[in-house]
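The chain below stands alone, shown as structure tokens; this is the form predicted alone.
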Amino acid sequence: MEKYREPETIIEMQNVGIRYDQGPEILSDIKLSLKKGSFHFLTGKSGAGKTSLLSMMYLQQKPSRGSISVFGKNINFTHRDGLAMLRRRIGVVFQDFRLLDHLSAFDNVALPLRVCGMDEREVRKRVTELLSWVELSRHMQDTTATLSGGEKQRIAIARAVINRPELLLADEPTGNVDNDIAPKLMKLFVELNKLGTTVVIATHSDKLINDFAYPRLHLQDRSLHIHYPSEISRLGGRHA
């Protein structure tokens, strides 16, 4: 019989605090351990610190105090090149999209694959399939500057998941899309999670949280609380 092995820890935070300049701490004494293949919603009122927490997970900024390890590397002591290599393993959907407006939808989504040196034929195959999935085939060669907010949101999501990252962080990924496309995007996240990607989605949507029974990382009063839905009988919930 194969010996049970504890799932690999993707993110570990110990006594983390963050403040900007000399202001008060936005988050205090955060303790968090995210296991490989887990799926969590990140919740809290506006201003609770969700974006700040995600930015530390993405290695965009370091904590004011405490320690953070990502993929087993303590980022407090990791140099710039090392952080850049770790970021290649992370997919991020930003609220402000951060697309390159002078490039086409296709080229924006293809960028992570080209950075990794993937063969162009495989790039074209993967990008075409994914843009079809998010219903943007007819906008493939349009520059993102000409597209709507909801269309930009779908491109940003496609770019974040195209290289099948080990960790996916999404800040309000369904906030700018129509009600009929939101479930399809969530299905994309769920399928990616089934392949082993660890997923954290920041959201204000009660419907999303209720429809998909995943644990919640809830920020309140600068602290982090973890809530587990009572109906979850195994990791992944009823939509796994």
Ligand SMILES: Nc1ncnc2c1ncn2[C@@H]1O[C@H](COP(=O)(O)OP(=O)(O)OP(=O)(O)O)[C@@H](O)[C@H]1O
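Quick note: we count residues from 1 along the sequence shown, nothing fancier. The model shown is predicted, which means the values in this text are computed figures rather than measured ones.
Absent from the display: the form predicted together with the named molecule. The rest refers to it.
Enquirer: Does at least one non-hydrogen atom of residue 95 fall within 4.5 angstroms of the named molecule in the model of the complex?
Expert: Judged by the heavy-atom cut-off of 4.5 Å, residue 95 is in contact with the named molecule in the model of the complex.
Enquirer: Going by a heavy atom distance of 4.5 Å, is residue 173 a contact of the named molecule in the model of the complex?
Expert: Flag for residue 173 set to no.
Enquirer: Check whether residue 20 has any heavy atom within 4.5 Å of a heavy atom of the named molecule in the model of the complex, and answer yes or no.
Expert: Residue 20: yes, in contact with the named molecule in the model of the complex.
Enquirer: Would you please decide whether residue 197 lies within 4.5 angstroms of the named molecule in the model of the complex, comparing each non-hydrogen atom pair?
Expert: Answer no; every heavy atom of residue 197 is more than 4.5 Å from the named molecule in the model of the complex.
Enquirer: Have a look at 28 to 36, 41 to 49, 177 to 185, 62 to 70 and name the one stretch with heavy atoms inside 4.5 Å of the named molecule in the model of the complex.
Expert: Residues of 41 to 49 come within 4.5 Å of the partner.
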